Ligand code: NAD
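Below, in structure tokens: the form predicted on its own, a single chain.
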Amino acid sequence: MGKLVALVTGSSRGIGRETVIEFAKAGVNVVINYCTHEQEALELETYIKENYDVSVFLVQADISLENEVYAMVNQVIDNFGSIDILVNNASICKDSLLLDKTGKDFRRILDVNLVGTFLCSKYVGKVMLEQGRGRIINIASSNAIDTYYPESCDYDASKAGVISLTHNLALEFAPNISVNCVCPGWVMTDMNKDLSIEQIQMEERNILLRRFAKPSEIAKVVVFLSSSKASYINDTVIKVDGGHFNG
């Protein structure tokens, strides 16, 4: 068997970008998926090609749309012939006062974060079942477990759904496909770029390590779960939050 192939959704920036880089470091061929951030995706593609001895494939798709997910998976198979690892990372968040949120706003978050994770898992899962092997890692959030923010209630609910989906996927795809979930806490990504210094400092006081995570620190956990070192880890939810507590 040749090099493994990893598809990372929403991988033009943030945790997804760092996950692609960590896979490339490990000698894994990578698929960069993006929806709207084409320039960042192209820059990452160039970076991988110039620095690592792996193949890289770029594919645009809105994972909330079933026809685009289906087309993306087929493109990856046409290019690589297999998909060994799926990282469901693509995610959006739009904070606003709970009472100001509309049903349309709420559904959009669910469509990308939860339905998109389902669609990618469904179509890549079919490929993995045919192969008789595979790893799926879903990116949820500590917001789905014990860190709640009413202004993010739609995001929190979507990520709680991802945890539930993880358990059901693990049952459905056993024994040859493992499905695990990573729940980051606060991470220095574009999603949090608009936080005030005061809010960052307040949140850091509630983290035992007294800082936000770097995206690469989350990515390393994802790549570990995809490796042979995690061969007996399945149906597991792992918090990577620096020891966050509700102070």
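For clarity, every value in this text was computed on a predicted model and none was experimentally measured. Residues carry their position along the shown sequence, with the first being 1.
Below: the form predicted in complex with nicotinamide-adenine-dinucleotide (NAD), not depicted.
> Select from the listed residues Val187, Val28, Ile32, Val221 the one whose heavy atoms reach within 4.5 Å of nicotinamide-adenine-dinucleotide (NAD) in the model of the complex.
None of the other options qualify; the answer is Val187.
> Using a 4.5 Å cut on heavy atoms, which of Asp62, Glu217, Glu204, Glu43 is close to nicotinamide-adenine-dinucleotide (NAD) in the model of the complex?
Contact with nicotinamide-adenine-dinucleotide (NAD) in the model of the complex is made by Asp62 alone.
> Look up in the model of the complex whether Met191 has a non-hydrogen atom within 4.5 angstroms of nicotinamide-adenine-dinucleotide (NAD), and give yes or no.
Taking the distances in the model of the complex, the answer for Met191 is yes, it comes within 4.5 Å of nicotinamide-adenine-dinucleotide (NAD).
> Is there a non-hydrogen atom of Ala90 within 4.5 angstroms of a non-hydrogen atom of nicotinamide-adenine-dinucleotide (NAD) in the model of the complex?
Flag for Ala90 set to yes.
> Looking in the model of the complex, any heavy atom of Ser226 within 4.5 Å of nicotinamide-adenine-dinucleotide (NAD)?
Residue-level check for Ser226: no, no contact with nicotinamide-adenine-dinucleotide (NAD).
> May I ask you to state whether Ile139 is within 4.5 Å of nicotinamide-adenine-dinucleotide (NAD) in the model of the complex, using heavy atom distances?
Looking in the model of the complex, residue contacts with nicotinamide-adenine-dinucleotide (NAD) include Ile139, since a heavy atom lies within 4.5 Å.
> Can all three of Gly134, Phe173 and Val237 be found with a heavy atom no more than 4.5 Å from nicotinamide-adenine-dinucleotide (NAD) in the model of the complex?
None of them does, since no heavy atom lies within 4.5 Å of the partner.
> Please name which of the stretches 146-154, 91-99, 73-81, 123-131 has residues with heavy atoms lying within 4.5 Å of nicotinamide-adenine-dinucleotide (NAD) in the model of the complex.
Going by heavy atoms within 4.5 Å, the stretch is 91-99.
> Considering only 100-119, what residues come within 4.5 Å of nicotinamide-adenine-dinucleotide (NAD) in the model of the complex, judged by heavy atoms?
Heavy-atom contacts within 4.5 Å come from Arg108, Val112.
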